[in-house]
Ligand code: NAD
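Here you get one chain, nothing else, as structure tokens; it is the form predicted alone.
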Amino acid sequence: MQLKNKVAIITGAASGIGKEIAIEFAREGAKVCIADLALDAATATANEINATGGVAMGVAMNVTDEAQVDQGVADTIAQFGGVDILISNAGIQIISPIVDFKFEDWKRMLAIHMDGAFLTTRACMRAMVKAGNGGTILYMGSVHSHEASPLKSAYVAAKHGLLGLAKVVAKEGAKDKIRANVICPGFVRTPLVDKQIPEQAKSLGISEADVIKNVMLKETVDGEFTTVQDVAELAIFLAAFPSNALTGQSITVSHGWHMQ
């Protein structure tokens, strides 16, 4: 069990990629905090994990709310005795041409992706430094941390921003053995992506099948979606890595869509 007795906080973990990471972390022995907007959804996921022999708790956390973030981290430490791993995964998507993009939507996108990453990082780093046991911080980036696509100005800007944050955390955290890396998936068939398919079809004037084949998966080597399991496996590898040799990096899992 690669993560035995490690404590992990995973934001946006009541569904999609975050939920799969939480399930796999628990299987690897981690004690998992499911942090999500709705307490009932977070608790339901935690109960699923507990029912299969894992150890999990749910907390309500709006990652743009400083007080909620700090309280959620404090509650996790009170329950599990510390925090070793942060997965900053919470995110949303809003599709629109720049000329039609509402400023309030732009601000909301950046707040969830960037402010949320900062606030959770700060709270967890403070706890990690105080405990003196090191730690791992993983940001859920995207191929869009390196590439751009039409209609996704705020998302691409935010995902690029996570690269810069991770690099600074890697440098500042090194003396305390805190590592930071960015996971960059391609398109993963989650509810977030399913919602984008008809939106892009309407915006681009093409069929939903063409969105999948000629937009989402066009640049992959095999025309396949990345899976939540693919992403979870990479998260386990990065969380369990034993030294600062692997820090400040972005690792792409995208069926070859983006190659570094």
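Sequential numbering from 1, following the sequence displayed. Predicted, not measured: the structure shown is a model, and the values here were computed from it.
Quick note: we don't show the form predicted in complex with ligand NAD, though the next part is all about it.
Proximity to ligand NAD in the predicted bound form, taken as a non-hydrogen atom within 4.5 angstroms, holds for one residue of Leu39, Val221, Ile206, Val193, which is Val193. Tyr155 is the sole member of Tyr155, Phe101, Phe118, Phe80 with a non-hydrogen atom lying within 4.5 angstroms of ligand NAD in the predicted bound form. By the criterion of a heavy atom within 4.5 Å, Ala26 is excluded from the residues contacting ligand NAD in the predicted bound form.
Proximity of Gly135 to ligand NAD in the predicted bound form: non-hydrogen atoms within 4.5 Å are absent; the residue sits far from the partner. For the chain shown alone, Gly72 is not a contact residue for ligand NAD in the predicted bound form, no non-hydrogen atom being within 4.5 angstroms. For the chain shown alone, Ala174 is not a contact residue for ligand NAD in the predicted bound form, no non-hydrogen atom being within 4.5 angstroms. Only one segment in the set 163 to 171, 72 to 80, 182 to 190, 127 to 135 has any non-hydrogen atom within 4.5 angstroms of ligand NAD in the predicted bound form, and it is 182 to 190.
In the predicted bound form, every residue of the candidate spot (Ala14, Ala90 and Met140) has a heavy atom lying within 4.5 Å of ligand NAD.
In the predicted bound form, the residues of 104 to 119 lying within 4.5 Å of ligand NAD by at least one heavy atom are, in order, Ile112, His113.
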